[in-house]
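Quick setup: the structure tokens below cover two forms of a single protein chain, split into structure 1 and structure 2.
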Structure 1
């Protein structure tokens, strides 16, 4: 009995030794900064003076968050961005995955082509995308003028078009990832379902609506949750392409946090925005989780 207990303790020690580096990393780089930011959100903290130069102000930072024009603009832009980008990304990637799941010519090359933007450096890709959509010298507007569009959009220089242009870039960048995940979901559907439907005379469209869509719904739900969270976190695209402008047309919450924390050094206020942002993402994810019971089919 005692020998078995010693062996059990020894196995536990070996197991904890394996997870110890990851646990230390999690505590140092995730847990501690998380709770320290909660502490900072209640302080008026000057990062150059340390804790001696800070004062406890309670929930004043949180009051200032909701009174700030840039925060309100950021949250509205985030909502618009999610509505514009996520449904279009999921629909296009689903259709492309369905096409690439068939035995078409050049399927391997097409899969690689769609996945390449996802592994490209986001800053370099954003610079290239900005050049393509340059209002005066970009090839997109040159093409539009060539086909007779007299006054093409100013894209990132336009209050009306800047956010859709950033959303378009974000969709292009993440399309390959979603296509790969949808392909994995599609290849998990048994072919016998389609064979039985064909024998019954069901059309390809009917098979897609009544077999493919329901059976791939868990994959769609996974992508809906992860892409909504990712779209709320959009930052590098905004920072490189527009820097939040023109005006407040492309200011997002993460860009607002970056600007107040690392340009204006208002760490307490930025921490408060971060926690409000965290609460917003949790609420949106919880709503998605509750809603999935009505449309996701688990076989």
Structure 2
């Protein structure tokens, strides 16, 4: 009995030793910063003077979060962004994946083309996108003028259009990734289902609605959860394209955290916003998780 226990302990030690590098990495770069930020969120933290120059202020930072106009603008912009970007991204990528799943000419090249923006650096991609949507010289507005739109939008320079333009950019950038995931999901559906449906006289649309959509729903759910989280975290696109403007039209929560932490040096307040942001994402994800029972079909 004792020998077996000893052996068990030894085996455990070996196992833990193998996971040690990852564990150290996790503790140093994930767990510690996470809890340190929780500590910072309760402090009026002076990042240049450390603990000596800082004071404990309890939940004052959390109170300040909800009174801050940039936080309010950020949360509203984030919600609008998720509503605009995620459904459109999922619908377009699913349709594209369905198309690319067929034996069409140039399928490989098309898959590569859709995936290219995803692997391109965000700055380069933003420059290309900004050039396309330039209010005066961009091809999009030239086209709109050519078809009779007298006063096309100023896109990123417009309070109304800046956020939708950033959302469009984000969709374009992430489309390739979602298409690849959907393709994997689609290829997991047995062809026999479609063959049986065809024999029964089901149309292509009917097959899509009654076979493809339900059977790809686990993939859709996975992408819905991850893209909602990713869209809440949108930062680089905003930073490169609009810097939060015009006015506060494109300020998002992560951009607000970045500005307050690294431009205004309010590390305690920024940590509080981060935790509120974390709570918000957890709630949204939990709602999605609970809602999946109604529409996700696991075969």
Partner chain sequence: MKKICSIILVLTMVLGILTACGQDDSKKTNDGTKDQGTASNNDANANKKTAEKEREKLIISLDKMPEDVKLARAIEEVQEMEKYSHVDFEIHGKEADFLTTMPITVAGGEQRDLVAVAQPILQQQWADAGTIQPLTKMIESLGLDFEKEFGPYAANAMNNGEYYTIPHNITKWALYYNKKIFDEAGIPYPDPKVPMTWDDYRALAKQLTSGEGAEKKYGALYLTWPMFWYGEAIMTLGGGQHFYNEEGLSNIEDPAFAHALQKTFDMMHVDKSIPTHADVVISKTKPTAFMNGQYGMAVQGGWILSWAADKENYPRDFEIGIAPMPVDEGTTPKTWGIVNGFAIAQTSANPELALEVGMDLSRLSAQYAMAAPEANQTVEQNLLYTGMGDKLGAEGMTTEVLLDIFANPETAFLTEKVTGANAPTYEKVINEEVEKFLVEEQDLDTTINNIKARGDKKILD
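Whichever C-alpha set is largest while still superposing within 1.5 Å between the two forms counts as the rigid core. Being a predicted model, the structure only gives us computed values, none of them experimental. Residue numbers count along the first chain shown, from 1.
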Which structure would you label as the form predicted alone, 1 or 2? 1
If I superpose the two forms on their rigid core, does the C-alpha of residue 293 end up displaced by 2 Å or more between structure 1 and structure 2? no
Please check if residue 22 moves between structure 1 and structure 2, taking a CA shift of 2 Å or more relative to the superposed core as movement. no
For residue 283, does the CA position differ by 2 Å or more between structure 1 and structure 2 when the superposition is done on the rigid core? no
Between structure 1 and structure 2, how far the Cα of residue 9 shifts once the core is aligned, in Å: 4.1
